[in-house]
Each structure stands twice: as structure tokens, then as C-alpha cells.
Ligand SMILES: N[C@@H](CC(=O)c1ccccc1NC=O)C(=O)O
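First, one chain by itself in C-alpha cells, the form predicted alone.
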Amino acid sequence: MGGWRDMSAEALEDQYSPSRWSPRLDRDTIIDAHLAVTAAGTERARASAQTSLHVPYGKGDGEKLDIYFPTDHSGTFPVLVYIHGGYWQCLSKDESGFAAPPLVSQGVAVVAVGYDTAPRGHMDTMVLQVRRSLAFLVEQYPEIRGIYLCGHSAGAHLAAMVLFTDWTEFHVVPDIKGAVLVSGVYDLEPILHTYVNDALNMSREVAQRNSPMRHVAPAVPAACEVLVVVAQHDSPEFRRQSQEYSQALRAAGWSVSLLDLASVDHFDVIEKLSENSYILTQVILNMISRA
């Protein structure tokens, strides 16, 4: 699998630096631009939707949810659980509501999950927190009718880890009907050899334990639909990871599609979820409507 093992340290750093691959903006401005776009979109979403913000699902400072309710939530409703990126060390739920308006207008609740990013949060902790957030949602909101995971970048990794959860210890089994994994990393081992691990401080054992690629289980009859999304201007390594992970799921019997989106990079591939007409917005709504 590992062409990455033959790369120089410098080449590997480049491959796992998404800001270096966008044709729109240079690497020094694109992350600031991404923060500005997602923060502004979240502000608009909070102003236009009925919300419950900073709902604690645990005792930790980072263990909070922002919930954007659908326009009519008098009955049951599906929920999209959004798990933010930021290489497990930046961003937060507070910039993660930008995708809510097109969804809440169609009867879908959106939940932005907060978790303890590094260096405060350890990789094992982040995975556990996201799993616990889902168990909390199911217990606290019985009106939820089906859960759809959506994660971007590091959030796609965390969403993929949720798919392989032994729910017996949580005493509840979330009804996960779909997962949309956008520009994710599914094998953490290459990360060990890059700047990204400076804050994460993962050992090889931790990276392997938390690599979805290493824990692909055979699909059970109730297994959800999985959509693996990659951007045209993601790096070759990000694109390889998405392709190989989707292939591994398919080989294990999962219902999986790989969506390769043209003319977007690692950042606007997710930013555009604020737009009704964006292809990925429509694909997500179609996935939910089919259930």
C-alpha cells in the first residue's frame, strides 16, 4: 500500500499539507479564508435557525454540541451530525454550523460536535468523545429518526471510527443510516512522520488503533450507506487514502460510493455545503430522502 514510505520527509510533509494544493489561494491565506467563510456561515445559520447551543454531552470543556433544529420539528426528524476538521488540533463546533440552512429548510436537524482537540485531547479521547456524543443524542432526543454522519478531513476520520464502534458499552445503538466522509485520512501511520504529529504526539500503536483502514469489518445487514468524497485539488495522498478506503469498504460488503468532485480543493469542498445548489448538498439530501 505504501508508496508514502518511499517519499522524502519533505515530500510527505507536502502531501499532508492540504493548504499547499489549492489553486485558488496561497498556502498562507487559504486557512484564514476557510476560517472566515465557515465562521460567517455559522453566524448566518445561528441567526436563521432555531438552535440549542453549547449543549453538554459530557463533563469536559470541549464536550458540547450545537443543535440546529429543522423549521418544523413537531414530529420526528432525521439528523446530520457534523464532525469538524482541523487536523485534530484546531477549529471547533463554533465554526461548524455553516451547512445547516439548506438542511434545516428540508426538515433535517444539524448537530455540530465539539471535542477536545490536541494537545489537550488525545486521539483515543477524541474518538471516544464523538462516539459518546452520538449515544447522548439518541438518549436525549427520542424524536430523532435516523442519523447521518458527515465529517471533513480529521472529522471524516472520526466519523469513520464511529462506524466501527462496539455500542454495547454505551447501552444504546444509534440508528446510523448514512455516512459522508469528505477529504479524510483513514490510515494515520503516514501522519506520524509529519508536522501534524507534533501536537498529536501519537505513537505507532495509537495511530494503528485509530486507523479506520485497519478496522474495516464485514458489513452487517443494517450497515449504513457510505459516501467517500474527495476533492479534485486534494493532494495525491489524500486522494489515494479515499480511494483505498472506499475499496476496502466495498470489499467488505459495504454499500459505498466514491464521489470525486471537480473544481474544488480541500477547503471549499466542504464550505459549499452552505449552498442549496451544491452537488454534495443535493447528494446528502437525496441520501436522507431515500431512507
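Here the structure is a predicted model, which is why all the values come from computation and not from measurement. Counting begins at 1, following the sequence as shown.
Unshown form predicted together with the named molecule; subsequent notes refer to it.
- Partner contact region in the model of the complex: 80-88, out of 143-151, 199-207, 80-88, 106-114, criterion any non-hydrogen atom within 4.5 Å of the named molecule.
- Trp167 falls outside the set of residues with a heavy atom inside 4.5 Å of the named molecule in the model of the complex.
- Although the partner is absent here, Ser17 is a contact residue: one of its heavy atoms lies within 4.5 angstroms of the named molecule in the model of the complex.
- Among heavy atoms of Ala223, none comes within 4.5 Å of the named molecule in the model of the complex.
- The named molecule is not drawn, but in the model of the complex it has a heavy atom within 4.5 Å of Ile31.
- Annotation for 59-84: no interface residues with the named molecule in the model of the complex [heavy atom within 4.5 Å].
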